[in-house]
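The chain below stands alone and is given as structure tokens, in the form predicted on its own.
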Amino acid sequence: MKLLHALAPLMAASVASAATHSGHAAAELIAASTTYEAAKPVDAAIRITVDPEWHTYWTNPGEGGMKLGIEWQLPEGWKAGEVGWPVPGRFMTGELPGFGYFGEIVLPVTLTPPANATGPAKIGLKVDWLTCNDAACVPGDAALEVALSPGAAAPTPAAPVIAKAKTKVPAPVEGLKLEVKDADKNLVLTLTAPKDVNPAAFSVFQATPQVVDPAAKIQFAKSGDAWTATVAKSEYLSGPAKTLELVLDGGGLPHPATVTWQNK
């Protein structure tokens, strides 16, 4: 009987799916609370752990990679927000440049129940990914699920993990502005930045796929009151560029940043 009492909280709500290993990575769906309240967001995250010496890919995978595939299976009226991607790294898979991650990555996401939500809620998620090393690429997939009960917020051990992951997701910084101009086979990027940051020291990643050559390393240099960089276009860019989002990190920024240009 004592054992049943001890297990009761765990039986009432499963707030982390069992990690599923497939290919050369494991995936897990975790939640910051065992419970939810109608119309109030619940923090959750997809945790991917890549096997040693293998890597997986960012939202812009680069050349030859594959972005994480995500398919939610939510109760009626529930919504899942955009997945947050931390700053990636650059690597080569054979001769193909790519962007992505080694080891463990935590991708935060916000789940929002409808105003009339009641009763237990099962949050389902199907994910698929590609892992590569210098010798091979191997896909993987998993069907994940967590169960939430109605009630006041009840933090789980995953709550601080998810909170930390949210701080690593790039977000706009006031004072950053990007302009892009066509220059034959290149793009000229002009960045306006706050005075207290140093764009020459930024690590820059092209989040919009197939606009900038993934092999191009974006390095800003001072040019008058702004900063410029000239980069090769992606071979897949057809016609003038219409939009470009960059992820910026370092150089005195208060946090990883995004800056987006739209051709008007």
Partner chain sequence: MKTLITSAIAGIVALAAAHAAEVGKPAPDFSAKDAKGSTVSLSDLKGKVVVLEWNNFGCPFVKKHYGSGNMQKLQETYTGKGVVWLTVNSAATGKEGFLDAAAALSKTSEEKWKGSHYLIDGDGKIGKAYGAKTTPHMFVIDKEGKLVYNGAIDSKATPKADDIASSENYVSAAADAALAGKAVTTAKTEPYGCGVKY
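Positions refer to the first chain, counted from 1. Computed from a prediction, not measured in an experiment: that's the story for all the values here.
Only in words, not in the display: the form predicted in complex with its partner chain, which the text now covers.
S.K.: Please check if A183 has a heavy atom lying within 4.5 Å of any heavy atom of its partner chain in the model of the complex.
M.R.: A183: no contact with its partner chain in the model of the complex.
S.K.: Using a 4.5 angstroms cut-off on non-hydrogen atoms, would T228 count as touching its partner chain in the model of the complex?
M.R.: Contact check for T228: no, nothing within 4.5 Å of its partner chain in the model of the complex.
S.K.: Looking in the model of the complex, any heavy atom of M66 within 4.5 Å of its partner chain?
M.R.: Judged by the heavy-atom cut-off of 4.5 Å, M66 is in contact with its partner chain in the model of the complex.
S.K.: Residue-level contact is defined here as any heavy atom of the residue lying within 4.5 Å of its partner chain in the model of the complex; does E104 satisfy this criterion?
M.R.: No, E104 sits far enough from its partner chain in the model of the complex that none of its heavy atoms falls within 4.5 Å.
S.K.: Would all three of G62, D128 and Q210 be in contact with its partner chain in the model of the complex, where contact means some heavy atom lies within 4.5 Å?
M.R.: Each of the three qualifies.
S.K.: Report the stretch among 173-181, 107-115, 189-197, 94-102 that approaches its partner chain in the model of the complex to within 4.5 Å, counting heavy atoms only.
M.R.: Looking at the partner contacts, the answer comes out as 94-102.
S.K.: Could you check which residue among L74, A154, C137, L144 gets a heavy atom within 4.5 Å of its partner chain in the model of the complex?
M.R.: Among L74, A154, C137, L144, a heavy atom within 4.5 Å of its partner chain in the model of the complex occurs only for C137.
S.K.: Would you give me the residues of 230-255 that have any heavy atom within 4.5 Å of its partner chain in the model of the complex, in order from first to last?
M.R.: Read in sequence order, the residues that approach its partner chain (within 4.5 Å, in the model of the complex) are E235, Y236.
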